[in-house]
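Shown here is one chain on its own, the form predicted on its own, set out as structure tokens.
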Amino acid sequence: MALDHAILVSLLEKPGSGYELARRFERSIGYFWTATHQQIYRVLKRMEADGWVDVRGVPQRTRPDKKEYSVAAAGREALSRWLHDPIEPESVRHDLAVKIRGAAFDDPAALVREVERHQRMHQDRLAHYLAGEARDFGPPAGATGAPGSPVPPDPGRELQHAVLRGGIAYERMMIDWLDDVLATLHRLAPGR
């Protein structure tokens, strides 16, 4: 996936400035696709030149005016083409897995601290995802509604939640796997 497509998706969800996009990449979409501020600004500039995004100046009282980006028709077409193109399944590149295999040729116990560090990071990310899910996808206030008047589905919201559920499942899987790795490392280095 190109950064272009991640930016288009983010801007379709909500137009914003380059700074606001960078913040979104730090907080939400960045868990699935990362980019630096410089990369985002560079791609926005190119997308503007290609006609994929529209830009409007937004006056601000206490700060310099900002540029707000939104998706232009050409950007929607580009995203649509990309959405319809097949993609190859992602290959797994996992440095920690290679280290774990390599521990067979050294001291497996030496890897325990690193695996525990990864486990804490995945536990923290899982907690962050679960808090975001409770905050953003918990039962909406007053969602009971009158009988017979269902709330129409919001595809954007439902698909965002599906991606978040995938992140939650991934973090749980990683924590389970790291539990197994730690048990294996402790079994291979008893008394340590």
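The shown structure was predicted, so the numbers you read here are calculated from the model rather than taken from an experiment. Numbering starts at 1 and follows the sequence shown.
The discussion below concerns the form predicted together with the DNA, not included here.
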For this session: Consider the chain as shown here, without its partner, and state which of Arg165, Arg157, Lys45, Arg27 has a heavy atom within 4.5 Å of the DNA in the model of the complex.
Result: Lys45
Exercise. Would Gly18 show up as a contact with the DNA in the model of the complex if we use heavy atoms at 4.5 Å?
Worked result: yes
Exercise. If you check in the model of the complex, is Ala6 within 4.5 Å of the DNA, heavy atoms only?
Worked result: no
Problem set entry | Non-hydrogen atom contact Arg23 with the DNA in the model of the complex at 4.5 angstroms | yes
Exercise. Even though the DNA is not shown here, does Gln123 get within 4.5 Å of it in the model of the complex, heavy atoms only?
Worked result: no
For this session: Between 41-64 and the DNA in the model of the complex, list the residues on our side with a heavy atom within 4.5 Å.
Result: Tyr41, Arg42, Lys45, Arg46, Gln60, Arg61, Thr62, Arg63, Pro64
